[in-house]
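What follows is one chain in structure tokens, specifically the form predicted alone.
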Amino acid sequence: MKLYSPATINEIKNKHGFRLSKSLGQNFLTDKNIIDKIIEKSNIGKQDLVIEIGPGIGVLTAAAAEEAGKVIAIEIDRKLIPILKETLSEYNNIEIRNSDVLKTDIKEIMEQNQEISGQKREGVKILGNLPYYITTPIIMKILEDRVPADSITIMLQKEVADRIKAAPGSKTYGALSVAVQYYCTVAHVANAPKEIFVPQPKVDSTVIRLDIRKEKPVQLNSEAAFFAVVRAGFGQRRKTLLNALTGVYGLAKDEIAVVMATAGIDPVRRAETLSLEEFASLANTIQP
């Protein structure tokens, strides 16, 4: 069964009386080339555990199951569970869980799956076609929870992918860019135009792979101070850093000026011009 075929998707919807949920951002992928590229670039091995977020009707799930030792698919919509059990019935290495990934302990899932078919598990790859409205919270939950996976290969709104990939000095560079790039290296996988989805969304998508860093790119005395500086800097991005950072940890403007001089950062610069290393230098100087 070609699960990515629009005809198959309609047949499944009609058979089960399933209605797509706008509130859950349900858009099903219909392009096999993109599916193949996602699986290929995820570098899934035969002893790997794949954790998929939002399997929909199982298009990516089935493709991943062909390559992985085991796939655990986490689906929030309980109405899709019987559909998934039917569409994926030929696979014995798929486990379907009806839960909200934001309330799911992914580290616990990994602990429970140290072995696959009696052999030690190797890598852990996270996949997902993420609903636009909840993309950033899902990514940041995985990263902030220190989930020890190898990578996260995700389909997301092109605009958000551009922000994640952005370099210092660009208009799209912001707090999300800094946060994700602190935890991961970012690789472009594929462009996914809106026309390849059912139903068709209003915007194009992009697939990226986030390779979770084993070692962080900068040395920090305090991650809390680092993210406090990043949030403050981008919270008022039109202001100079001197003005934007005034008040962080209760420091007055003249105290921030001393901090910036010590860190070697020009006080008239704006947050969007700072590299990860420069944010780290500020944070290591500013911390209380």
Ligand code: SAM
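Keep in mind that this is a model prediction, so the values were computed, not measured. Note that residue numbering begins at 1 and tracks the sequence as displayed.
A second form of this protein, the form predicted together with this ligand, is not displayed here; the remarks below concern that form.
- This chain is drawn without this ligand; in the model of the complex, the residue among 74, 184, 88, 161 with a heavy atom within 4.5 Å of it is 74.
- With the partner removed from view, the residue among 147, 134, 175, 116 that has a non-hydrogen atom within 4.5 Å of this ligand in the model of the complex turns out to be 134.
- Across the proposed site, 233, 240 and 265 without exception lack any heavy atom within 4.5 Å of this ligand in the model of the complex.
- Heavy atoms within 4.5 Å of this ligand in the model of the complex are found in exactly one of 116-124, 167-175, 207-215, 96-104, that being 96-104.
- Heavy atoms of residue 28 reach within 4.5 Å of this ligand in the model of the complex, making it an interface residue.
- Residue 59 belongs to the set of residues with a heavy atom inside 4.5 Å of this ligand in the model of the complex.
- Shown alone here, residue 69 lies farther than 4.5 Å from this ligand in the model of the complex, counting heavy atoms only.
- Using a 4.5 angstroms threshold between heavy atoms, residue 152 stays clear of this ligand in the model of the complex.
- Shown here without this ligand, the chain has 101, 129, 130 in 101-130 lying with a heavy atom within 4.5 Å of that partner in the model of the complex.
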